[in-house]
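Only one chain is included here, represented as structure tokens and corresponding to the form predicted alone.
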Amino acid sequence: MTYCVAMCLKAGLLFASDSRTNAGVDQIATFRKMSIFEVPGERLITLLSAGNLATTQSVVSLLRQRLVDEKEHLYNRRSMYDVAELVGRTVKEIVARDANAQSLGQGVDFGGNFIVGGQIKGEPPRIFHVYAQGNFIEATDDTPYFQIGESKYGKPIIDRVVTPDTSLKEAAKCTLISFDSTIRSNLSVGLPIDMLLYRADSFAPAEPHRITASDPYFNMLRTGWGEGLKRVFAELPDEDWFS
């Protein structure tokens, strides 16, 4: 399992992913789940992945390979919608290939989900959730974020805090608290966390930041959030209908 979050805000975009994969309690490993494709000054495309690791790695590898020998690739799509459509087709291709080739692997889930986001010059930043079936939806002002993977533990804080007007710094703080809540409640999600912040219309080179167990800001946040929750809980009045 994994946990990934992306936000589309007026200030720009946020992408974050954990790096733990597991196939049982004794098969835990670390893999980066954030992939970046960029043409300086013209486009930035970021993929976050969850699901079958073989599927998601194959999709990313095929997209990279086709940058040089295919008529349609990520660097010549005219819009982020077209990018999401290309990723969706590639996901369907890989899932169909592997499912057909491994008929003996009955019961194996070959599915993979992606968050695809970025900006291409001439249009605003956009993010899409691409499903294993190849179809996709786009974030809106009503729902300016997507989660994939183990999302339920980290969702409440995002729902309470994030709006399209949220700053990138506030969004980053909220996202790290969301990850802390998820890590505390689910062993299949773990550090390090990869995070990328992108300012709208900047087309600046992508500089993802890796947050490890020794990161002082993350440790300050998780301690402060935990203590703050206990303090607020203690300050709330007890019910008066049970004695």
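Predicted model, so just to flag it, every value in this text is computed and none were measured. Residue positions are given as counts along the sequence shown, with the first one as 1.
The protein also exists as the form predicted in complex with another copy of the chain; that form is not presented, and the subsequent description refers to it.
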{"query": "Site check 217, 231 and 234: each within 4.5 Å of another copy of the chain in the predicted bound form by heavy atom", "finding": "yes"}
{"query": "Partner contact for residue 152 in the predicted bound form: another copy of the chain, 4.5 angstroms, heavy atom", "finding": "yes"}
{"query": "Heavy atom of residue 120 within 4.5 Å of another copy of the chain in the predicted bound form", "finding": "no"}
{"query": "Another copy of the chain contact at residue 94 in the predicted bound form, heavy atom, 4.5 Å", "finding": "no"}
{"query": "Partner contact for residue 78 in the predicted bound form: another copy of the chain, 4.5 angstroms, heavy atom", "finding": "no"}
{"query": "Among the candidates 34, 50, 63, 176, the residue which, in the predicted bound form, approaches another copy of the chain to within 4.5 Å (heavy atoms)", "finding": "176"}
{"query": "Interface segment, criterion being heavy atoms within 4.5 Å of another copy of the chain in the predicted bound form, picked from 123 to 131, 153 to 161, 80 to 88, 136 to 144", "finding": "153 to 161"}
{"query": "Residues in 43 to 58 close to another copy of the chain in the predicted bound form, defined by a heavy atom within 4.5 Å, in order", "finding": "none"}
